[in-house]
Every structure is written in C-alpha cells, then in structure tokens.
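Both blocks below hold the same protein chain, though in two forms, and each is given as structure tokens: structure 1 and structure 2.
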Structure 1
Amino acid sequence: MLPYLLILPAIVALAAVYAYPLVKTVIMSFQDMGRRELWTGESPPWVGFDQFTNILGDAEFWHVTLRTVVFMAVCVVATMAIGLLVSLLMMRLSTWVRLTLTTALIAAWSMPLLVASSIFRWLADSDYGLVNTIIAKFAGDDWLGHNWFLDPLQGFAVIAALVIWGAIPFVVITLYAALTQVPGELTEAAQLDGASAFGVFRFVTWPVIKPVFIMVTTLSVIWDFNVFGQIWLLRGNKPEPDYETLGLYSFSKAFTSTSFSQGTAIALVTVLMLSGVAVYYLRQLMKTGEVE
C-alpha cells in the first residue's frame, strides 16, 4: 500500500498537466473550438474527422512537415557528426586543453535558450551584426546590411547554427563519458595486432559507445523535431509562414488564427509521428537496463 501512497501525488500531478491535456487535445481535435467558444465557455460543436481531413488535405501541412523533417535531419546529422568527432578529439588532447574545451562547452551549454537566441540574432543582425562585418571584409561591402532572414534557406542556416551550437555540448560530454569506458587494453591489443586507427574505432571503440550514441541520436531526433523557441525568438516572436515547423504551425493556427481545434489536431498528428521514435527510444533504454 505504501508505495502507491508515495506515488499518488506524482500520479495526480502528471494526470493534471500531461494526461488531461493529452486527452483534451484528442477531444478538441474532433471539435471546432474557436475564439467564441473559448471566451463564452460554450461547448464547441463536434465535427468528427473534419479537422484531420482539412489538415491532411492541405498542401501547406505537407510543406511544413517536409520542412520540419529536413530541418531535423540536417541538425541531427550535423550535431552527431560534429559531436562524435569532437569527443574523439577530446581523448587525444593534453589535459589543460581538454579542460579549456570542457569549460567552453559548459559555458555554451548553460546559456538559457532565450539568451542564446538573442546573441545569435544580434550576431546575424543585418545592420550591426558581426557576421556581416566579417563577411564584408572578405567579400565586399555588399554584405553590409545583408538580411539573413529574407531567404528562408539562409535564415534556417542561422537557426540550425544556433540549434547545433546549443546541442553540441551535451552530445560531446555524453559521448566523451562513454569513450572513457572503452578499455585501454583492448585498444592497445588491437593496435599491436596491426589495426589501423579506423579499424580500432570500428571494431573496438564503436561497439562500446554504440548504445549511448543511439540514445543521444534518438533524443536529438525528438528535440530537433520539436524545435520551437529558437525559430520563434530569432524571428522576433512572429515567425513568417516560411519559417513554420510543425510546432509553430500548430501554435499559429491555435493562437494567431484562433482555431484551437486546428492547432490541437496538428499537435496530435505530430505526437503520432513522434511516437514511433519514442517507442524506439524506450526499447533502447530497456535494453541497456535503465528501466528495469
């Protein structure tokens, strides 16, 4: 009886802030809740699958989905590739260089999202941004006043830089922790047997760090799929339609177009898209014995 009493407050709290909203999301997705229903408290009319047929039949939704997936893929691949290389590098550094690098990583990691976004917005500012100043030095004064956000492709490059910069510290520190678990004798034995550097990595290091690598990659997929704040803040709290990923698309349908049901339906579709990744992550956790 005692354990159930101990978890009761947590269950109630989780039910109130996670379970109930999730159920409500499902309910709202089958209704049509707009501004009027929100303020009068009238119960919104039921519309069946209309919200979903509207969304799935809307070309914009698929554009946004494609944009979200591509953006996520670019960020995850870049983050994991850079993260792995830097963590391997960390193993080969002198102690003082490693400490310097760790300090830099932690400094970057500890920046609040809003502060980090402000810095990147300032760096990429069209008039007084450092990035334009530096490029202009090499490529000519045309670059002064260059607006990075006019072309969404360039804008997303700035956003991706922010996301990747923000994610690298966690990836590097985690992978480095895993790398230190690789037994030194194994590496040496492989080297003595004439294995190349790549061979050592492929057959000795990689098997040891693989579970951690997969876990971090899965987390990155989920985080980068849900990127919201960085885009929202870099676009001055009102992202143009060209900058909308699924989270922002759902948000703007709900709060800008005040069609709350459209917003929840999009959020629900997003949850369903991510559930596969989440289940995979959970299975990995169970395999490594984190949830036993």
Structure 2
Amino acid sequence: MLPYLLILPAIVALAAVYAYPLVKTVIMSFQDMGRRELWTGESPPWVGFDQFTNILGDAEFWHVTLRTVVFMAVCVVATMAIGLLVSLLMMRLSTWVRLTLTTALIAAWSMPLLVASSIFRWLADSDYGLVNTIIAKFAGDDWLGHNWFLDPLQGFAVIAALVIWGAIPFVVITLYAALTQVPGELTEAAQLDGASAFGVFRFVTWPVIKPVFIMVTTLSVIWDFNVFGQIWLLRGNKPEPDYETLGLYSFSKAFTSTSFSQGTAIALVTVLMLSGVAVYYLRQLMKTGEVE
C-alpha cells in the first residue's frame, strides 16, 4: 500500500496537467464552441463528428499535414546524421577537446529558444544578416538585401537549421554515451581480422548503439512533428499560412478564426497521428529494459 501512496501525488499532478486538458479537448472537439459560448459561458451545442468530417474533407488540412511530415522528415534525418557523425568524431578526440566540445554542446542546448531564435533572425536578416554578407562576398552583391522568408522553401530551410541546431546537442551526447558502451576488444579483434572502418561500424558498433539510436530517432520524430515556437518566433509572432504546420494550423483555427472546437479537433487528430510513434517508442524502451 505504501508504494501506491508515495506515487499518488505524481499521479494526481499528471492527471491535472495532462488528463484533464485532454478530456476537455476531446469533449470540445465534439461541440461547436465559438466566441459567444466562450464569453457568455453557455454550453456549446453538440455536433457529433461534424468537426472531424469538415477537417478530414478539407484539402488545406492535408496540405498542411504533408508539409508537416516533410519538414519533420528533413529535420530528423539531418539531426540524426549530423549527430551520429559528431558523436563518432568525439570518440577520436583527446580528452580536453572532447570536454570543451561537450561544454559547448551543453551551453547550446541550455540556450532559451527566444535567444536562439533572435540569433537566427539576425543571421538571416535581409538588411544586416551575416549569411547574406558572407554569400555576397562570393556570389555577388545581389545577395545583399535578400529576404529568405519570401520563398517558403528558403524560409523553412532557416527554420530547419534552427530546429536541427537545437536538437543536435542532445543527440550527440546520447549517442556518444552509447558509443562508449561498445566493447573495445571486439573493435580490436575486427580490425585485426582486416575489417574496414565501415565494416567495424556495421558489424560491431551499430548493433550496440542501434537501440539508443532508434529511441532518439523516435523522440526526434515526436519533437519535430510538434515544432511550434521556432516558426512562431522566426516569423515575428505572425506566421503566414505558407509557414503553418499542424500545431500552428490548429492554433490559427482556434484563436484567429475563433473556431475553438475545430482547433481542438485538429489537435486531437495530431495526437492520434503521433500515438503510433509513441507506442513504438514505448515498445523500444521496454525491449531495452528486457535486454538490460
């Protein structure tokens, strides 16, 4: 009985923070709450599955979903590839260089999103941005005054750079910790048998770090699918429709169009989309525990 009493405060806190808002979201998605119901406190009318029918039948919703998936895939692939390369590089560095790099990564990781977004806005600024200045030195003065956010593809490249930059420290530190668990005698034996560097990684290193790599990738999918603050801040708190991902699309429907129920329905559909990824992550976590 005592263990249950000790864990009870945590359960109550989780229920208050997560369960109650989720239940309210589910209820609201089956209603039609507008500005009138919000200000008067009147009970919104029930509309059944109308909100979901309207969303799933809206071409714009699927366009935003495709944009979100592509953006997430680019960010996850780039983050994991760069993170793996840097973590492998750290295995070859001297101790003091590795400690210096680790300190820099932790400093970058701990930087508030508002500060990091301000730095990237300055880097990509059309009038006095550092990126335009450097490119202009090699490609000509036409790049001076170039606005990266006029073209959504270029704008998303800047946003993706910020997302990847913010995620790499966690990936590098986690994968480096996994790499330190690779038995040195197995690596030496493979090298003595004539295995190439790629062969050592493929048949000795990868099987050891694979569970950690998959779990970090799964977390990155969840995080990058829900990117909100980076886009919001880089677009000056007023993201254009071409920059909307599912999170921003839900927010826009709820608070710009004052269709709160439609916004909550979009948020609920997003949760259902990510629930499969979450289940896969939990399965991998349980498998790792069974191995240990």
Partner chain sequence: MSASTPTHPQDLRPDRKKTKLGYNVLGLVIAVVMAFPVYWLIISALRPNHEIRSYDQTLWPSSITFDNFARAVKQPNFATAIQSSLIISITAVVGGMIIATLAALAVGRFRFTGRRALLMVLILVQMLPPTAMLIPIYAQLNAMGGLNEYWGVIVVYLVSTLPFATVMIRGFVVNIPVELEESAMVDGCTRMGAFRRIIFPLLAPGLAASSIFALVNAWNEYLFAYILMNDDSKYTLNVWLMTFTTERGTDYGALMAASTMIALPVVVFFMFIQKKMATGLTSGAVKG
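Numbering runs along the sequence of structure 1, starting at 1. From a predicted model like this one, the values you see are computed outputs, not experimental measurements. C-alpha atoms forming the largest set that superposes within 1.5 Å between two forms make up the rigid core.
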item: Selected structure - the one that is the form predicted together with its partner chain; value: 1
item: Pro9 C-alpha shift between structures 1 and 2 of 2 Å or more, rigid core reference; value: yes
